[in-house]
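Quick heads-up: it's one chain on its own, the form predicted alone, in structure tokens.
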């Protein structure tokens, strides 16, 4: 469980990545997810190159395998990260959605 202060600091930086456009360089399908993300498996992850030239690995959301190809355009969106219990702070993060 992340502390509320850590989550708040992370959330302050989300706006720097929101609605950035880019393209998929490579992608893969994750079947064996790390601890805390087992409920999301299988899911897609891609290395994305943004219009400003920076690259970042991001989880892909709202897509199907047939939609994923190199050079496919994406936009970053905010989505919930992981699964939390009733007494934990909900953590959000940046993910990518094909457009």
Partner chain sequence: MKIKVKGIGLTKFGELWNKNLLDLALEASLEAINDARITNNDIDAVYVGNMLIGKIAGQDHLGPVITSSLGLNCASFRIEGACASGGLAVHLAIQGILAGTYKNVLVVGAEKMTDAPSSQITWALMGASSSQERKAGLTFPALYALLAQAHIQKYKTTREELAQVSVKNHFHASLNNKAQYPFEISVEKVLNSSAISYPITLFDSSPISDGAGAVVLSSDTDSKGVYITGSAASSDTIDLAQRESLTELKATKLAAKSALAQAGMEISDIKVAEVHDCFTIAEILAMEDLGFCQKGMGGKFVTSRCTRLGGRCPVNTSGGLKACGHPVGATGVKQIIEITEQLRKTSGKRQVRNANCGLTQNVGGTGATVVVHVLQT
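Residue numbers count along the first chain shown, from 1. What you see is a predicted model, and the numbers here were worked out from it, not measured in a lab.
Omitted here: the form predicted in complex with its partner chain. The next part is about that form.
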Quiz item: Is its partner chain in the predicted bound form near all of 10, 26 and 37, within 4.5 Å of a heavy atom of each?
Solution: yes
Quiz item: residue 58 near its partner chain in the predicted bound form, any heavy atom under 4.5 Å?
Solution: yes
Practice problem: Decide whether residue 81 counts as a contact residue for its partner chain in the predicted bound form under a heavy atom distance cut-off of 4.5 Å. | Solution: yes
Practice problem: Verify the contact flag for residue 63: yes if a non-hydrogen atom of it lies within 4.5 Å of a non-hydrogen atom of its partner chain in the predicted bound form, no if not. | Solution: no
